[in-house]
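Shown next as structure tokens: one chain only, the form predicted on its own.
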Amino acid sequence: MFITVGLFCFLIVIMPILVLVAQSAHLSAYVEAFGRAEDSLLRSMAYAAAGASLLVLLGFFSGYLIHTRALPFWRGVDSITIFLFALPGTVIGIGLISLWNRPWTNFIYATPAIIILGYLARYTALTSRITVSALGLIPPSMEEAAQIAGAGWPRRMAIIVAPMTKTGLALGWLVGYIFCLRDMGITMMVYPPGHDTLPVRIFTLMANGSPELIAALCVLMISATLLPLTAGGIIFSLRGNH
């Protein structure tokens, strides 16, 4: 069974990546790829980092509300986040266009902020679920003791809850970064002129670009995804050793 599953994973995951690496195994392909998509790559990483940071913040408060059931509408928050995550990105993109494409909201619609809003709308379910799992590992008595000692809700969040869930928040950031980086459905629909991301640039270049160029762009996309994962793995390994 292990050999069967391993072969299946090799055929559908490893083999396509190896084909991309083989096709792009020319320095000229990467030089052209950087020349034509360097700005899109940097934008993708910057937007993904900003989106992941805001997703961690929003997911933390949403997850805390869902976990503690502090307000009567906690179930509605949970359902809405899951519903938005299940929707196709194009549907959310059209909804954002219908809402923000107005003269008096142009300061959002004509800027990268509209892309970040799309990330928040679709991927908050991920970080909120991770937060719920992380909060489940904290004994309720910790926060209750601080409350009895007179610590207000903001202080309890700052000195008890957030520090004790920092590993879960870090994992949530990595997950949010990956999903924001790979997003194309929402970004394709709402990105302002001159603010396309690398997945969108790859999609638009596929029609006229050479196979070597497209393969090199895909390898760059893989590298941008693996970079924070590798850094996070090293940090968690070092912490585990200590």
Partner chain sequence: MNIIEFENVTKHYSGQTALHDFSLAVAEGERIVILGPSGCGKTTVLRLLAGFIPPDSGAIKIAGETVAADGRTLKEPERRNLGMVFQDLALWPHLTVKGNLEFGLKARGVPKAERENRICTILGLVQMEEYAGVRPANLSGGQQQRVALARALVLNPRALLMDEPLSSLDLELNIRLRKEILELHNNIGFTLLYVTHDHDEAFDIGTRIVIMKDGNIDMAGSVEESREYFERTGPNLC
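What you see is a predicted model; the values in this text were computed from it and never measured. Residue numbers count along the first chain shown, from 1.
The next section is about a form of this same protein that is not shown, the form predicted together with the partner chain.
The stretch among 116-124, 88-96, 67-75, 148-156 whose residues place heavy atoms within 4.5 Å of the partner chain in the model of the complex is 148-156. The partner chain in the model of the complex comes within 4.5 Å of a heavy atom belonging to residue 160.
The closest non-hydrogen atom of residue 139 lies within 4.5 Å of the partner chain in the model of the complex.
Contact between residue 108 and the partner chain in the model of the complex is not found at the 4.5 Å heavy atom cutoff. None of the heavy atoms of residue 132 is located within 4.5 Å of the partner chain in the model of the complex.
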